[in-house]
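In structure tokens, one chain follows: the form predicted alone.
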């Protein structure tokens, strides 16, 4: 298990039948969560206290960092007023791309590689 948690997604995507039945439920659940009504993306919900997530946030471009902080500002304002954004300002499912996940996966691979190299023992011939 990694920082992103267990995932059945690769198995579901490989089966056409499962994908056919699970995809509508996944879209329904994403809408039910309500983060899109606040203008947020899925990766905005990642737990920032995790060291891998903190390092991934440091690798974002200045533009991505600005957009993330702007989304948080808008969501805080919505929460303060106890109202979601107008429907035309909601995050669209096609715009909800995983911008942080590739960085997190890279960091996890780097940590595994670092552990492998650190655990290596040198033997003399």
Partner chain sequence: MLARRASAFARSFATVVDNAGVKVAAIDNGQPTTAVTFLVKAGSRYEPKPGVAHTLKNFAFKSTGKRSALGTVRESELYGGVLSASLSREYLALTSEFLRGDESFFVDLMSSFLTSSKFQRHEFQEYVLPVVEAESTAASQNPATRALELAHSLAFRSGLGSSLFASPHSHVSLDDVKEFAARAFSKGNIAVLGTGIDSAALTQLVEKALGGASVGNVAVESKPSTYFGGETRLESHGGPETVFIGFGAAGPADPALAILSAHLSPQPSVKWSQGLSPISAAIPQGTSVQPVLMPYSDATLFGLLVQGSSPEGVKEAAKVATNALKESTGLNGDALKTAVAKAKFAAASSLDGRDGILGALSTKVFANSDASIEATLASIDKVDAAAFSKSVAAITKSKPTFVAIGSVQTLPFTDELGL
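Residue numbers count along the first chain shown, from 1. What you are looking at is a predicted structure, and each value in this text was computed from that prediction instead of being measured.
Just so you know, the form predicted in complex with the partner chain exists too; it's not on screen, but the next bit is about it.
Problem - Interface residue in the predicted bound form among 69, 76, 89, 61, criterion: non-hydrogen atom within 4.5 angstroms of the partner chain - result: Of the listed residues, the single hit is 61.
Problem - Close approach of residue 20 to the partner chain in the predicted bound form, 4.5 Å, heavy atom - result: Contact check for residue 20: no, nothing within 4.5 Å of the partner chain in the predicted bound form.
Handout entry: Contact flag, residue 13 vs the partner chain in the predicted bound form, heavy atom cut 4.5 Å
Key = Residue 13: no contact with the partner chain in the predicted bound form.
Exercise for the section: Look at the stretches 78-86, 29-37, 52-60, 91-99 and give the one with heavy atoms within 4.5 Å of the partner chain in the predicted bound form. Expected result: Looking at the other structure, the answer is 52-60.
Problem - Sequence-ordered list of residues in 103-119 near the partner chain in the predicted bound form, where near means a heavy atom within 4.5 Å - result: Counting only heavy atoms within 4.5 Å of the partner chain in the predicted bound form, the contacting residues of 103-119 are 110, 113, 114, 117, 118.
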